[in-house]
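A single chain, nothing else alongside it, follows as structure tokens in the form predicted on its own.
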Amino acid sequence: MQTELSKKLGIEYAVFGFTPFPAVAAAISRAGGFGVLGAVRYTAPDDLKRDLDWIEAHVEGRPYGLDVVMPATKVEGVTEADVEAMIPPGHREFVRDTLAKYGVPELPEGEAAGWRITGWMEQVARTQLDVAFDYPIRLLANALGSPPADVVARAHERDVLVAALAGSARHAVKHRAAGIDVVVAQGYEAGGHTGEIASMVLTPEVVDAVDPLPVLAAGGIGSGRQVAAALALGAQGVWLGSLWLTTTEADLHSPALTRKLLAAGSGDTVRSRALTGKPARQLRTEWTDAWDDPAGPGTLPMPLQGLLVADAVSRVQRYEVDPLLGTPVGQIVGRMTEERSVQAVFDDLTRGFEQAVDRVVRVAGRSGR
């Protein structure tokens, strides 16, 4: 499972694993892949530094990277309070009424809401980079497309590759023009923010559009057979995110959510704006249904929606309110049927990959080619 890109980065397997959990990122790299830590939840530089220190201590010298959420256009001078003031009172009332309907308690006094989507803001994302560039990261990925030109240049000065996610060949061509080194072709099946083109169609389109740039395939990949298919389509590796949510190293802080993920089928996700304001694939819940109901107020654009629901999401997660409890996850959730270690996932991926390649070789042999 080696490609030019995996050889360039010095990894054994062309498997790139995105995760918000430092322990998972380190385990992916130790297993021979490439762990990528998601930075969007880090609003305090010291918190990111703490977790990068932990990865450095546990990655055994293997390479790893960081994923940020940063707009290509600079947005300076806008504070979180400025954005909060843009949220209509009617939307706040809808959140209060929905939580009351399900009897969701308030957070204990003094306990702040957890994750807030502020990593998109210029000053927050740049403080993350100030921290990250003090570490030997080998890849910087941006979930919102190409980062600003000065960030690309800054990464290249440090011999850090820059990757950007794309949901269409048109987006991928723009990334190439912006000096991006790796394009992640993220199909419709993927968890989180995703476009409308399925991976089987999207991957070869992007490969052809940006050749010779390396492309990673993302969305609907959770087995060795699917990895082999991605490489057959021209990708130089795979970008996996959802698959790690039910690993033993993941820290979801919610046994109920883990149970929901293990019980979910591939048809139990929905592309909804309920979480961030942009279409993001996630578990379908009564929370997503409420926001997608035409009778409701409708979602707000990013980042207003994320700030609006941050407290509500924290309350639902803290008290494990089952009807409302969800998380971003791709359609591959149907294969996530048991808790396994990251190493066990890799063992399954590599075994399945070898079997798929052998099968193709036998078929090719029988056809006389």
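Just so you know, these numbers come straight off a predicted model, no measurement behind them. Numbering starts at 1 and runs along the sequence shown.
Beyond the structure shown, there is the form predicted together with a small molecule, which is absent from this document and is the topic of what follows.
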item	value
Contact residue in the predicted complex, chosen from Val309, Leu324, Ala31, Ile332 - any heavy atom within 4.5 Å of the small molecule	Ile332
Interface residue in the predicted complex among Val40, Ala26, Val342, Val313, criterion: non-hydrogen atom within 4.5 angstroms of the small molecule	Val40
Candidate stretches 211 to 219, 127 to 135, 225 to 233, 97 to 105, one within 4.5 Å of the small molecule in the predicted complex by heavy atom	211 to 219
The small molecule in the predicted complex reached by all of Leu165, Ala190 and Pro328, non-hydrogen atom within 4.5 Å	yes
Touches the small molecule in the predicted complex: Ala143 (any heavy atom, 4.5 Å)	yes
Contact label in the predicted complex: Leu202 to the small molecule, heavy atom within 4.5 Å	no
Any non-hydrogen atom of Val206 within 4.5 angstroms of the small molecule in the predicted complex	no
Trp287, heavy atom within 4.5 angstroms of the small molecule in the predicted complex	no
